[in-house]
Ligand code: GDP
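Before any questions on binding or motion, here is one chain by itself as structure tokens, the form predicted on its own.
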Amino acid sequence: MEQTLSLIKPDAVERNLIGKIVTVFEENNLTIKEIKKIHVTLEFAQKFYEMHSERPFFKDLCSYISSGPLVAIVLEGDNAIQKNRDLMGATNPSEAQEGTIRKMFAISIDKNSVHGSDSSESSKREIDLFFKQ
């Protein structure tokens, strides 16, 4: 069984969408293996998003993800990484397909409610960062 990291970002936590988003995962045969609600520091955010450190949006990305509590989840299932990415939808909610998490719940491209690992390498690194330290 493949595992992936999913984050329910601060905008969705603030709007009490945790249960609705978890339901989407569970109804699509992804199992919650680990889950915790945390408020990450700016330093943690910078480590998490280090691959984007040269991008112009890096500072805003780190500020946002550390702006309030988030929910970190280890999802498990067949083809979990791609399934989670399909369920999330496009980063820009205006481009996301109907029925995806971002189409249903995202506020904007910046406050897009969820994050999901994009590869098996990222998944391992991100799960270790959130759950093994």
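Residue positions are given as counts along the sequence shown, with the first one as 1. Predicted, not measured: the structure shown is a model, and the values here were computed from it.
FYI, the form predicted together with guanosine-5'-diphosphate (GDP) isn't displayed, but the following is about it.
Student: Partner absent here, but in the predicted complex, which of 23-31, 50-58, 36-44, 73-81 has residues with a heavy atom within 4.5 Å of guanosine-5'-diphosphate (GDP)?
Tutor: The contacting stretch here is 50-58.
Student: Is there a non-hydrogen atom of residue 14 within 4.5 angstroms of a non-hydrogen atom of guanosine-5'-diphosphate (GDP) in the predicted complex?
Tutor: Contact with guanosine-5'-diphosphate (GDP), no.
Student: Answer for residue 91 alone: is it within 4.5 Å of guanosine-5'-diphosphate (GDP) in the predicted complex, judged on heavy atom distances?
Tutor: It does: once guanosine-5'-diphosphate (GDP) is placed as it appears in the predicted complex, residue 91 has a heavy atom within 4.5 Å of it.
Student: I'd like to know if residue 123 sits close to guanosine-5'-diphosphate (GDP) in the predicted complex, meaning any non-hydrogen atom pair within 4.5 angstroms.
Tutor: Residue 123: no, not in contact with guanosine-5'-diphosphate (GDP) in the predicted complex.
Student: Pick out the residues of 14-38 whose heavy atoms come within 4.5 Å of guanosine-5'-diphosphate (GDP) in the predicted complex.
Tutor: None of them.
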